[in-house]
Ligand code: MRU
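Read the single chain below, which is given as structure tokens and is the form predicted alone.
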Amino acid sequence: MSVTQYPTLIEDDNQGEPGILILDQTRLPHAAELIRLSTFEDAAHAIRVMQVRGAPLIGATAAYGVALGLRNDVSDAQLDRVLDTLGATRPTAVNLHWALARMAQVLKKSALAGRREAAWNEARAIAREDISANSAIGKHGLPLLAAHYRAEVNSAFVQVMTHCNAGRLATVAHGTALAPVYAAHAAGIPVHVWVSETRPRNQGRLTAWELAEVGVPHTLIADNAAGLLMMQGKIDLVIVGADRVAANGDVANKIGTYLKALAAQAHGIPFYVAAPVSTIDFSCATGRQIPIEERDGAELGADGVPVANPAFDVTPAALVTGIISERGVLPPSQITQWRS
């Protein structure tokens, strides 16, 4: 099935009760299956086990989870219970906590009689804004790829490396790190993507699946091949997504991102981070304050040995060439301009 037939998140009232359909990303790339979330507990489970993943999509799903949680009870006590349950699912992706804080701010001002409708309307607004922001990220990132295509006159493609999956599967639509790639492809700029497998959950396979569906040339590589490819001059620029960006421009992203940033610096390769402004945590001064999720060691598939399984790492701002958001492209040191 084509990915375009399966939105990552869509409202569903076919069963007489409001719900949402999500694309179960734990089944990809082997099977594409929409599953229904009918309760806030369903939404919390989907976030926790990574049926939905990617900071923007997690935030939108959490917002809809709040709406689901108020279906039969719109009291303050229920609202707090729903917010606490969803907020405890994953610690690193700031969009989760941003979306929940936004829902809380709106709903706690709302009269009880209108709270249910207000919750659905605000969740819809968050989803719509994600689509718009990601489309703008693509437009702002496009000139970066176009510049490399003009500069590399002897190359048939702009060679982009990415890590994890920051495409449309990680968002409501368009993606973050892949948004400029899709914009370049649509503009007729030949682009080739080197897709890092991203162990241990292999989200790079999702990126490869996504790129194949729209016909963007790509090559899946083992994580540890990235440095060699950069040394060989096969990479023009690196674009990754983010789960949280600190106020000083330090970036938390899927484990392995930091190593790619170090290799890119060693070989003079631009390293960009694409994320909506909602992913910037202006209350977090530096990356040292970003909580790093430690996931179950079983994900590594090793039995009977001690395992450490941090899901994210932090790339210092000094290694980041620029942050691409819906408001433009800035060096990390200047992103506080986007605070308002």
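Just so it is clear, the structure is predicted and the values come from calculations on it, not from any experiment. Throughout, we count residues from 1 along the sequence that is shown.
Another form exists, predicted in complex with the ligand; not displayed. Remarks below refer to it.
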141, 271 and 325 - do all three of these have some heavy atom no more than 4.5 Å from the ligand in the predicted bound form? no
In the predicted bound form, segment of 99-107, 117-125, 226-234, 242-250 with a heavy atom within 4.5 Å of the ligand: 242-250
Using a 4.5 Å heavy atom cut-off, which residue among 280, 58, 46, 68 comes into contact with the ligand in the predicted bound form? 58
Residue 64: touches the ligand in the predicted bound form, heavy atom cutoff 4.5 angstroms: no
Determine whether any heavy atom of residue 312 comes within 4.5 Å of a heavy atom of the ligand in the predicted bound form, and answer yes or no. yes
With a 4.5 Å heavy atom cut-off, would you call residue 176 a contact of the ligand in the predicted bound form? yes
Looking in the predicted bound form, any heavy atom of residue 90 within 4.5 Å of the ligand? yes
Check each residue of 167-199 against the ligand in the predicted bound form and list those with a heavy atom within 4.5 Å, in sequence order. 170, 171, 176
